[in-house]
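One chain follows as structure tokens, the form predicted on its own.
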């Protein structure tokens, strides 16, 4: 059972890097306090994982045949990658880290489902574009509604605060439903039941949110495009809908990619001159490096552990 600890480590790393994105823009716009944001995120991540997290478990577990040993290696390699990127304050894709690690194992064991891999890669490409599309759509809709109703400044402030809380809770729920498969999907069938997998995964993600999520949260919320409260609400809701759609499809994707896409959507609406191109390219480079680094770690760990097999 000690091999589950690499999955818990990965869940913690995912929580520290990915899940804070659901409230990052709200915190950076000073509409919600950081402590309240992480507590709400932790609760709804666990709820989403338990209620709707099982669909994606089978997608990742079907990429290659996993033993207890290779599941341990996959989770450890992905967790190491995500931790390095989190320390670097880069919002990266945990899904890419996990799939990169699975790819490394598949290379070493000569067992890889390329059809399933192609499906996942297509969803990776679609995730930031989904964030862009939904943020632009919601921005136009909400802008029309506010112009029609013409609320007072006090009422507008209250509406935005409540909206940010509700959208953030929904985003956290969608994250748990979608990304719990990244944490414990490789253990299903060889070490854990689906219920055990989503429960352990959800709790470990929540721990990462509470203990180590602040730096990445501020990177997403401030460094690409500076957001007002209205735009923050649009971003949170845009990424939440994007991630939830993929949860229903059963493909784990990245909240980081969805939220960065949503932030860029706001940048496109307000003018490209507001987009910090340097920081955006830094984030994109992290996405490209993540699966490569994770595959490298999994190959190295696999090789080292097979020098002297640990039963």
Partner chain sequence: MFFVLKRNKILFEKIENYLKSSEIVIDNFQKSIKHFLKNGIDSEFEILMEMTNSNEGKADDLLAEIKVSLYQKSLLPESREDILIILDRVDDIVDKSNHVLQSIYSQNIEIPKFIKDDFKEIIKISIKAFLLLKSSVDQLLTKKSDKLDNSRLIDNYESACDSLQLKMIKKVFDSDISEYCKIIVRDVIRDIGTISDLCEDADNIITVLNIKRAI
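Positions refer to the first chain, counted from 1. Keep in mind the model is a prediction, meaning the values are calculated, not measured.
The protein also exists as the form predicted together with the partner chain; that form is not presented, and the subsequent description refers to it.
Residue contact with the partner chain in the predicted complex: residue 151 places a heavy atom within 4.5 Å of it. None of the heavy atoms of residue 35 is located within 4.5 Å of the partner chain in the predicted complex. Not displayed here, the partner chain is approached by residue 158 to within 4.5 Å at the level of heavy atoms in the predicted complex.
Contact annotation for residue 212: none of its heavy atoms lies within 4.5 Å of the partner chain in the predicted complex. Considering the partner chain in the predicted complex, the lone stretch of 98-106, 76-84, 229-237, 193-201 in range is 229-237 [heavy atom distance within 4.5 Å].
Proximity to the partner chain in the predicted complex, defined as a heavy atom within 4.5 Å, singles out one entry of 245, 264, 46, 31, which is 31.
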